[in-house]
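Just one chain follows, in the form predicted on its own, and it is written as structure tokens.
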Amino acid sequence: MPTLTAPLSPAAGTDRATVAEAGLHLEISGLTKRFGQFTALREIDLAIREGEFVCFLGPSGCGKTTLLRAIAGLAPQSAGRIIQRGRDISRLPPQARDFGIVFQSYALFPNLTVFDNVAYGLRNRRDDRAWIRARVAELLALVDLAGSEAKYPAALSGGQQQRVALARALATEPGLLLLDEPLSALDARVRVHLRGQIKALQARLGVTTIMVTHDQEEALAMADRIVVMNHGTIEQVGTPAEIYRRPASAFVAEFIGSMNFLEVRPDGAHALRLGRRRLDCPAHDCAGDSRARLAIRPEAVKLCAANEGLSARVEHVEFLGAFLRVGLTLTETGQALVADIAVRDAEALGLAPGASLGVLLPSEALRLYPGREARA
């Protein structure tokens, strides 16, 4: 008979330092998935550590859900291997793999009570009845639904239904938890609350977790690492900070957060020319190109007096609560630029449409990518 998990405490589970030292839970190599003539995934290589929370992030149609389904065996790959804890699961059916899954649509049985929904997998394993009762009670307490055993899914809110689905997925103590856009059907406030609950629960349990999402804010808030996907390939894998601060491609830079792009000319490996102005920048690979795209986050743009830096004209100012978003046009090149500044700085700058200001682009905040001609 299985044993109950040990009582959970806030200190239990796997913290980020431990995750970094843990062994591999999942190794994916050369994974390709074709649907007829269409290649949905192309030569995917990825390693996921024990206890890690990984988000597959990208626009619709990028292949993130197909990759999750391949891992689960629901959409077997056309080529490549999947190794879980040293075991080749590449050709195993879903029921022979070690995972629990939560779908976007919850997929609860409407004719079963909360208790019976959570107990479903345990009963299929023919576990001891007393153990099942204890396990279900433990899980419902874990997801803050104690006392809801006799309710039916229709009597629950969307957020509550998703927590029941999460408890059901965890009931059999899977080594891997798969979350397929679990929050996208919920309203914004519930989504923010529930993502915090899911992340805290995952950290306490230490269960290796993969979540598919198209919501960049969700991925940045929840993931230990993010896998950014586009057109069936991986664009970049990294921590939220790495993805945000050092995007590996123009696609990642544009997809994650707000980003300014300016047309420039490379000037050696550590500089560029914006109009007549030469600016230093971090090392780049565009030195041999005639054109490049300069990327800088709005919050990194510094505004100053009109006689300093690059000359610019204020086009509009938006109040966004904690900061102001300032739309600018660079006087020399006519290119648009957006700056996010603290509300307290606005009065000193005299921000108003038509005003002239100076703009500083800190060199450490600049990223250079191939220009449109180079990419063609």
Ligand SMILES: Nc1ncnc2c1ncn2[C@@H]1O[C@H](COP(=O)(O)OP(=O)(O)O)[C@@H](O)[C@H]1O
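Counting begins at 1, following the sequence as shown. Treat the numbers as computed from the prediction; the structure is a model and nothing was measured.
The following text describes the form predicted together with the ligand, which does not appear among the structures shown.
With the partner left out here, the ligand still marks one of 326 to 334, 304 to 312, 52 to 60, 343 to 351 in the predicted complex; by a 4.5 Å heavy atom cut-off that stretch is 52 to 60.
Screening Ile48, Ala40, Ala70, Ala339 for any heavy atom within 4.5 Å of the ligand in the predicted complex leaves a single hit, Ala40. When the ligand is considered in the predicted complex, Phe35 lines it closely, a heavy atom lying within 4.5 Å. Residues of 227 to 260 placing a heavy atom within 4.5 Å of the ligand in the predicted complex: none.
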